[in-house]
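Starting off, we have a lone chain in the form predicted on its own, written out as structure tokens.
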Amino acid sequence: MIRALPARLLRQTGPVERVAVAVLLAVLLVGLVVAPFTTSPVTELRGLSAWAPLGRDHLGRNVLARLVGGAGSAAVPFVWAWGVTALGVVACAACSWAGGLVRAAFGAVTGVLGAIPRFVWVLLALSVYGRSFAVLGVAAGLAFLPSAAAVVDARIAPWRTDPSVQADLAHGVPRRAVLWERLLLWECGPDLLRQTLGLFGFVVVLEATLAYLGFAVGEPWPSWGNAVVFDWGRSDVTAVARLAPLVTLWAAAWLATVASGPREQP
């Protein structure tokens, strides 16, 4: 079943979702591996060149290098957020399988988290625990958890009494195999993929918004959010240099948001 999971995901995803997954993997690769070694020294150069195909900002820094470095500002918080959300999804699956008071208690916890607006939750965490990628990612993961948990609970809870599941258990299939392999990975796999893409879009937009407000990454550290604000409206910067960060941010967020939208289940 696990070996067949990639083929199942491929069948149940459209072209936009596949492109969004490719973009997510590219951002993670660039942000975690390439971005830490990318520098953008200040020069007196201006305009487009072979070394700066997207131009330079008004301080003479390479816009392309800034965008590569900014991928790290999206990738690192996303990894933290995905880890927190993944742990919450595993706990949700176990509670949904257990049912009764256990399921109700976990639902109450996620209900409290969901009652607080996501942006307010993250902003409060940054104000209390400091502005760092780890705090941003953990807060974003907790803020996104109610949405992911609701999807998992809606899929797993009805399967507890399903005749095919009861037949598997009666024939000696281990409960862990039924819950984790069949239900969580196989049945919820496509939904979890879309939730992952939705989380990516949420983190990208959140980081950009916070960078604009000065609550996350600030200059001179590169970020797609502060790159948009840094040169917007300046007449001494080329149009390409002004628009490149905006297009990058919009494309990543749009792909993730559209790909994570609702789909009809087969």
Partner chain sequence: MTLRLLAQLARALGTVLGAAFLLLVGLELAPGGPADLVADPAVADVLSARWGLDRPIPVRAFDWLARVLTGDLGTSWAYRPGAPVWEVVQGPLQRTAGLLVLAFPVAVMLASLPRRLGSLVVLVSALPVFLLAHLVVEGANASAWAAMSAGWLDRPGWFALPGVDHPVRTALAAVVLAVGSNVGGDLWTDMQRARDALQRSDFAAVARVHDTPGPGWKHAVLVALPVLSGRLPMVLGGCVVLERVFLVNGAGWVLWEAAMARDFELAMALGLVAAAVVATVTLVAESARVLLDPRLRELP
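Residue numbers count along the first chain shown, from 1. Only a predicted model underlies this, so the values are computations on that prediction, with no experimental measurement involved.
As for the form predicted together with its partner chain, it is not shown, yet the points below apply to it.
| message | Which is the contacting stretch out of 133-141, 83-91, 110-118, 69-77, given heavy atoms within 4.5 Å of its partner chain in the model of the complex? | response | After filtering at 4.5 Å, what remains is 110-118.
| task | Could you work out which of 199, 27, 241, 205 is the residue within 4.5 angstroms of its partner chain in the model of the complex, going by heavy atoms? | result | Of the listed residues, the single hit is 205.
| message | Within 4.5 Å, heavy atoms only: does residue 124 come near its partner chain in the model of the complex? | response | Yes.
| field | Exercise: residue 33 in contact with its partner chain in the model of the complex, heavy atom 4.5 Å | value | Residue 33: no, not in contact with its partner chain in the model of the complex.
| message | So in the model of the complex, is its partner chain close enough to residue 65 to count as touching (4.5 Å, heavy atoms)? | response | No.
| Is residue 237 a contact residue for its partner chain in the model of the complex, using a 4.5 Å heavy atom cut-off? | Answer no; every heavy atom of residue 237 is more than 4.5 Å from its partner chain in the model of the complex.
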